[in-house]
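Given as structure tokens, the chain that follows is alone and in the form predicted alone.
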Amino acid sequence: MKYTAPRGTRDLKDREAQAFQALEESARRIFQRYGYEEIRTPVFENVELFKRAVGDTTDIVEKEMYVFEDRGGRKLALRPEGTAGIVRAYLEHAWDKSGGIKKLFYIGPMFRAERPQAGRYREFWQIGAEFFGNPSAQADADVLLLLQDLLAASGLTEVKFLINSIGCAACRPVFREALLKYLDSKQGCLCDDCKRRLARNPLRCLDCKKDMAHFSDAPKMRDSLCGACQAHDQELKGLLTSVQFPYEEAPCLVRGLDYYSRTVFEITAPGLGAQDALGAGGRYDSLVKTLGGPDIPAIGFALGMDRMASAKYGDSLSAGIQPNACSRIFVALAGQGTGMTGFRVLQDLRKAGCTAEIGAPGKSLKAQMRWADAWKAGFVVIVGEEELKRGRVILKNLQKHEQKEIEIENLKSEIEEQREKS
């Protein structure tokens, strides 16, 4: 039987693995600048945590979670998103009792049983952040500026920031009634999912990819906002304008998770096709309380690393790595008693910052040279039995097809000199 990666997953390798590493490194630098601490939560949690936090009527809970029972009969789920686990950790470690703000970021895989397609996987990677304890529009603006800096540091500057307010528990019922009346008049063109949502969560109809085109004349949440939500929304836009932050108002933008309130946003990248959303987030002022904690406001976001890498590197992402040959040095062993010296040379090269590999003792020099060629080496250091008697080795420059015999202590300087000339 031939084993392959499960449908909707893949091995991160070559250029894609390097792209992910670069995204993680740049993200960590920006998070540190903004005062965020890293947290690594379990890949699986109690299934009830996600049902309570994300919402029973969401597609995630209804159709997409990977749920299983362990040997102790406990019902668990692979995490479909990051926020619920972060809030659980926030309460479990009593950070809610510190009386101040808490900023946390995470990097890791999430899991959803969605239909795989370009830019959408069943195992996907996210960079995310959560900001607890600040209810002001200034916190919202700070998160959006963090996002802008993070994307720019990752080489992504041609992006769009879409922003909306979905109100709060005080004003959303007013909008819900207006939306229900509107959707009732559209019954004939609604998909089955939206028809089911009408009774349980009509706001999520606006997030439906199938029916979105039918809702251009739908009621707008901004027309139903209470005074406090209106003031919050206007303050946020004023702050963003004051620092020349580019954003677009998106009056139909909602989020697919139940815990959001007031500010919601989405980041898109032109050129990615139908799956152009790099990430999204928003404010969730009631979630900490919903999960058994005090009434603490919070805001957060998640970015899809898979799509970020695609947006940055395009088609070249799937290409194999073509290493810089000048940076790779292969140590070949030729003759009896060369293994010890060859191993020492290998370690000296690595300590000097070189990428180095060594041939297997007992293999012919011809076989080792084939290995060096397959490894895309730029130089081969031949540690030969006769040369060692004179304290020397042979350095072959595979790019120039040249070789010379040099003293072992001069090896590193000779390689550097030849590199500079390449």
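Please read these numbers as outputs of a predicted model, since none were measured by experiment. Residues carry their position along the shown sequence, with the first being 1.
Unshown form predicted together with a small molecule; subsequent notes refer to it.
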(message) Partner absent here, but in the predicted complex, which of 112-120, 94-102, 136-144, 232-240 has residues with a heavy atom within 4.5 Å of the small molecule?
(response) 112-120
(request) Identify which of G279, P297, G85, P219 has a heavy atom within 4.5 Å of the small molecule in the predicted complex; exactly one of them does. (result) G279
(request) Have a look at V159, I107, A302, L203 for me and say which one sits with a heavy atom within 4.5 Å of the small molecule in the predicted complex. (result) A302
(message) Each of R172, R262 and T290 within 4.5 Å of the small molecule in the predicted complex, by any heavy atom, yes or no?
(response) no
(message) Even though the partner isn't displayed, in the predicted complex is Q126 close enough to the small molecule, meaning a heavy atom within 4.5 Å?
(response) yes
(message) With the partner left out here, check for me: in the predicted complex, does some heavy atom of R307 sit within 4.5 Å of the small molecule?
(response) yes
(message) Quick check on R79: any heavy atom within 4.5 Å of the small molecule in the predicted complex?
(response) no
(message) How about R255 - does it come within 4.5 Å of the small molecule in the predicted complex, if we only consider non-hydrogen atoms?
(response) yes
